[in-house]
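Okay, so here's just one chain, in structure tokens, the form predicted alone.
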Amino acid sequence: MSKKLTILMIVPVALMALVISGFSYQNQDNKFTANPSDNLVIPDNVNEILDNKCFGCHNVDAKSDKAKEKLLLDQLTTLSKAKIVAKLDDIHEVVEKGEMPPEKFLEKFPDKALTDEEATILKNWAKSASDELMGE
């Protein structure tokens, strides 16, 4: 096999590996870490809240099918712009109403309760990110 042919075979495989690794949203510690997306920017302070308070239930490996059905944080940035906007609107609404995290869950895990500051940060981010995406 010639060198050129070998290189032509290796380059697409290497590029595919880079693409696949770019869509990995979970780090080794099973925490939420969003990769940059053309559709959605998640600031570090929001990422930290999502990681500490939300990701445990809202990821593909979580136990709760209901939570996974509502929102998968590890796939949020891969959605279409319209679906991201809908999810952001849902996040704003459930945090605004105090429905997340659910009371029954908080009975077992009170440390997962959102502080007033965290709730405000999430609501403001969800609203502004949604508005920004709608304006594009």
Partner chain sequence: MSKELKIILLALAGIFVIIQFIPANKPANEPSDYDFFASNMVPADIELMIRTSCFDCHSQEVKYPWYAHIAPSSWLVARDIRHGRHHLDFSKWNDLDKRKKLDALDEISDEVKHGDMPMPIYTIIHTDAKLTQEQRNKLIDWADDLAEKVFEE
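Here the structure is a predicted model, which is why all the values come from computation and not from measurement. Positions refer to the first chain, counted from 1.
Unshown form predicted together with its partner chain; subsequent notes refer to it.
Put simply, of 106, 86, 62, 41 only one has a heavy atom within 4.5 Å of its partner chain in the predicted complex, and it is 86.
At the 4.5 Å threshold, heavy atoms of residue 111 stay clear of its partner chain in the predicted complex, well away from it. Interface residue remark: residue 69 is counted as part of the site for its partner chain in the predicted complex, having a heavy atom within 4.5 Å. Interface residues of 119 to 133, taken as those with a heavy atom within 4.5 Å of its partner chain in the predicted complex (partner not displayed): 130, 131, 133, in sequence order.
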